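In the block that follows, a single chain appears as structure tokens, in the form predicted on its own.
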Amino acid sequence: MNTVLLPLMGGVLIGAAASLLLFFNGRVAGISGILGGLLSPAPGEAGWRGAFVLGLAGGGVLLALARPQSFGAPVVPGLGVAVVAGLLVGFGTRLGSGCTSGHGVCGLARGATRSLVATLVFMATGALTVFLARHVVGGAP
């Protein structure tokens, strides 16, 4: 039951957070944009951006404390792989004018065609990356 209920609860919480941010602040909940805007915030922007990022991190910490088994076994790719992967994600986010949350959650909900294309590219790239890592490079099982 937890394999259905917990992801469902997570989806509801993500949708509620995105809806509340749009309703009360008029902003789309694209995490890369929120975090990027926090690095050089416009006047009056730092507060809500900081609160949103702290809420995300705090939710993760609370879940780790309450249900550590929710995170499964840790994947340790090594520092070099983690840095390269992070840079590729950042590059892809800038190239696609948003991340999976902005396009996949908010953009699709608004019926944006570019978000549909971006989400399809994200998903295809993720599937290709898993295939290459597991079957070509011989990484994680």
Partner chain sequence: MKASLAAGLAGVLFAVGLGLGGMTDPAKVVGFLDVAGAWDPSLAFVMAGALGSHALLRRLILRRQRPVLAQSFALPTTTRVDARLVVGAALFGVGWGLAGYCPGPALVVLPVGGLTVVLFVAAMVAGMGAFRWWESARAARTKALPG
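Residue numbers count along the first chain shown, from 1. All of these numbers come straight from a predicted model, not from anything done at the bench.
Only in words, not in the display: the form predicted in complex with the partner chain, which the text now covers.
- Taking the partner from elsewhere, Gly72 is found to have a heavy atom lying within 4.5 Å of the partner chain in the predicted complex.
- Using a 4.5 angstroms threshold between heavy atoms, Val4 counts as touching the partner chain in the predicted complex.
- Though the partner is left out of this view, Pro43 does not reach within 4.5 Å of the partner chain in the predicted complex, counting heavy atoms only.
- Although the partner is absent here, Leu8 lies within 4.5 Å of the partner chain in the predicted complex, judged by heavy atoms.
- Counting a residue when any of its non-hydrogen atoms is within 4.5 Å of the partner chain in the predicted complex, the hits in 38-71 run Leu39, Ser40, Gly47, Trp48, Ala51, Phe52, Val53, Gly55, Leu56, Ala57, Gly59, Gly60, Val61, Leu62, Leu63, Ala64, Arg67, Ser70, Phe71.
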